[in-house]
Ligand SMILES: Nc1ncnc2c1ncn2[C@@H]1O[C@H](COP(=O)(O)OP(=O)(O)OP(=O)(O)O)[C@@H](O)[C@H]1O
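Shown next as structure tokens: one chain only, the form predicted alone.
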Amino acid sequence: MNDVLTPPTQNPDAAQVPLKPLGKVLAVTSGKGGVGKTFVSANLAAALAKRGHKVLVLDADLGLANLDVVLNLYPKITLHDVFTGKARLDEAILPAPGGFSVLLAGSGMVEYSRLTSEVRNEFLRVMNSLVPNYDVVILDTGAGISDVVLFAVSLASEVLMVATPEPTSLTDAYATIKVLVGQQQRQVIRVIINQATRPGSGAAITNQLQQVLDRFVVTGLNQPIRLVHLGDIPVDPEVRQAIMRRQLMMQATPGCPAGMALTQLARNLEDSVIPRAA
């Protein structure tokens, strides 16, 4: 976790330049909104923390942040205060239910709808300070392919694409993956299917996406992009109940089907990209 992220210099299209990913930084992203990115980010962090990892979740949806809502937190200091020099980074990091830390962003900040050089540089500074202090940093990004979202994803060593079985979600996931391959030369993207309706359906959906990508999308090295099916989260009424109560599901009902699925997702990450905690 000691890598330092060095931005390209004097490049007006910096948002489109693939940066050297930092440590074990996981970007949880999606093609469209409403598929459960923030739910996955928070509960996956709790599952990893329970397994002994030191985890921080950064709300990288800078203008439309809602991680605070999911966790029922009321921050007095946010990432906006750090960016503007009104507070130190350590003052903005909060303990979250579930045993992990969070760095929350302000909501409704129109100045973060575009990736200015100031926002970019502050984001880099914050990430360079955070990463050496955690086993895992999870970036809960916005949806889609805006320059702010793509920049946040470019900082990650691994991309977790969250989608639902709905055709609109899968179409937007495909479009987003295509952009990540073209702009960041991503070769591996891990897929989480949320709201899966039956066992095994997520693997089949991921395979269908893979077939389309094999046909139409190649990396800059003229190699096919590889999708890794990380796992499914089944349709579970406990998910909605936890969201409505503003409770972390991995604390309230960890033994429910969705909770067990998230625990398995954490195990799968340990088996692939995150060393097991000592």
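Since the model is a prediction, treat every value here as computed from it, not as a measurement. From 1 onward, residues are counted along the sequence shown.
Not on display, but discussed next: the form predicted together with the ligand.
With the partner removed from view, the residue among 139, 92, 191, 143 that has a non-hydrogen atom within 4.5 Å of the ligand in the predicted complex turns out to be 143. A heavy atom within 4.5 Å of the ligand in the predicted complex is found for exactly one of 250, 45, 60, 233: 233. Remark: residue 183 does not count among the residues lining the ligand in the predicted complex, judged by a heavy atom distance of 4.5 Å or less. Proximity of residue 34 to the ligand in the predicted complex: non-hydrogen atoms within 4.5 Å are present. Interface membership of residue 49, defined by any non-hydrogen atom within 4.5 Å of the ligand in the predicted complex, is ruled out. Looking at residue 243, you'd find a heavy atom of it within 4.5 angstroms of the ligand in the predicted complex. Contact here is defined as any heavy atom lying within 4.5 Å of the ligand in the predicted complex, and by that definition not a single one of 27, 116 and 154 is a contact residue. The stretch among 126-134, 92-100, 75-83, 193-201 whose residues place heavy atoms within 4.5 Å of the ligand in the predicted complex is 193-201. Applying a 4.5 Å heavy atom cutoff to the ligand in the predicted complex picks out 38, 39 from 38-53, in order along the sequence.
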